[in-house]
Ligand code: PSU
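In structure tokens, the next block holds one chain alone, the form predicted alone.
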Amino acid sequence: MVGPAAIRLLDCHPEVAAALAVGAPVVALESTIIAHGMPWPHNLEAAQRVEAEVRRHGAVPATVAVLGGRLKAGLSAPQMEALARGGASTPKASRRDLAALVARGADGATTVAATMIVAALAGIRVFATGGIGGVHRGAASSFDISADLLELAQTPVAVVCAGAKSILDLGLTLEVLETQGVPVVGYGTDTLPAFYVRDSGFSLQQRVDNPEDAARLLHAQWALGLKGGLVLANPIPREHEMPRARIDAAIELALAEGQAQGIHGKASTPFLLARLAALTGGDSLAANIALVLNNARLAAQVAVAYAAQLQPHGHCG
């Protein structure tokens, strides 16, 4: 249950607050993809395009971040530009980091887990991102498992994504999600997408084929009192899919380089994404932008369908 103390730490952009107050559709967006996922100025351009895509399909975008120790659901244009220009100088913020950032009055770019927390505080039920974190390769010895998976088990937000990032161990990621009781639902697919490619080869037990069915599933999930979220796995558009052999080879090389350089933890994903962009001549970056736009489009459509079923539920005051 959202308490008044938490609400006092939250700032909703006026447009976001107005939408939530009347039950209009809102889509949360993360800020790690801006600060750490892409270089300047591609990060700002991509963030602006993603917000425009959400608007184009009938919802209000709410990019989430921590600025000056305040939880932000929706950023102004100057705030987004400052975040994009700052890039990796703004630390990544997951669940474990939020209290410290608030206490210090500091800034943070929210991961999937932290974005879900802020979205839930605001009363936003649908969130679009590129791909969720998961179980890293070699986790049997490193125990490197993203907090995103545990957040999905406890925070009632639907995450629209292109599956889990290809750099991860996708089979173990699905096992952890199953253990935590998190539904992983294919959108128009019976297999888990693998970020840059449409089909990982791992079967999914649930599938929906239109935004209305997805919205009904969300409504049923929370009407039953099930406390967690769910993953709506949306394959990258076919025309932007990368050849599996090419991206797999680049991933293996990037992983080997990261291991040789002792890169691990929070630094792993930004390093690997940057190396993939370099190794593929920018093609992986273009694919990344295309899949994020595709997820923003679907998230807006699902949010519109979901809002049509419910009464206003915002917590922005």
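Just count from 1 along the sequence shown to find any residue number. Just so it is clear, the structure is predicted and the values come from calculations on it, not from any experiment.
Keep in mind that the form predicted together with the named molecule is not shown, yet the notes after this line are about it.
Novice: Heavy atoms within 4.5 Å of the named molecule in the model of the complex: which stretch in 29 to 37, 45 to 53, 65 to 73, 248 to 256 meets that?
Specialist: Every other range fails; the passing one is 29 to 37.
Novice: Among the candidate residues 158, 112, 233, 83, which is the single one with a non-hydrogen atom no more than 4.5 Å from the named molecule in the model of the complex?
Specialist: If I apply the 4.5 Å criterion carefully, the residue I get is 112.
Novice: Which residue, 172, 88, 208, 147, is the contact with the named molecule in the model of the complex, using a 4.5 Å heavy atom cutoff?
Specialist: Here the answer is residue option 147.
Novice: Heavy atoms within 4.5 Å of the named molecule in the model of the complex: does residue 269 have any?
Specialist: Output for residue 269 is yes: heavy atoms within 4.5 Å of the named molecule.
Novice: Contact between residue 108 and the named molecule in the model of the complex at 4.5 Å, heavy atoms?
Specialist: Result no; residue 108 lies far from the named molecule in the model of the complex.
Novice: Going by a heavy atom distance of 4.5 Å, is residue 133 a contact of the named molecule in the model of the complex?
Specialist: Residue 133: yes, in contact with the named molecule in the model of the complex.
Novice: Is residue 198 close enough to the named molecule in the model of the complex to count, meaning some heavy atom within 4.5 Å?
Specialist: No, residue 198 is distant from the partner.
Novice: Thinking of 92, 165 and 273 as one candidate spot, does the named molecule come within 4.5 Å of a heavy atom in every one of them in the model of the complex?
Specialist: Yes: 92, 165 and 273 each sit within 4.5 Å of the named molecule in the model of the complex.
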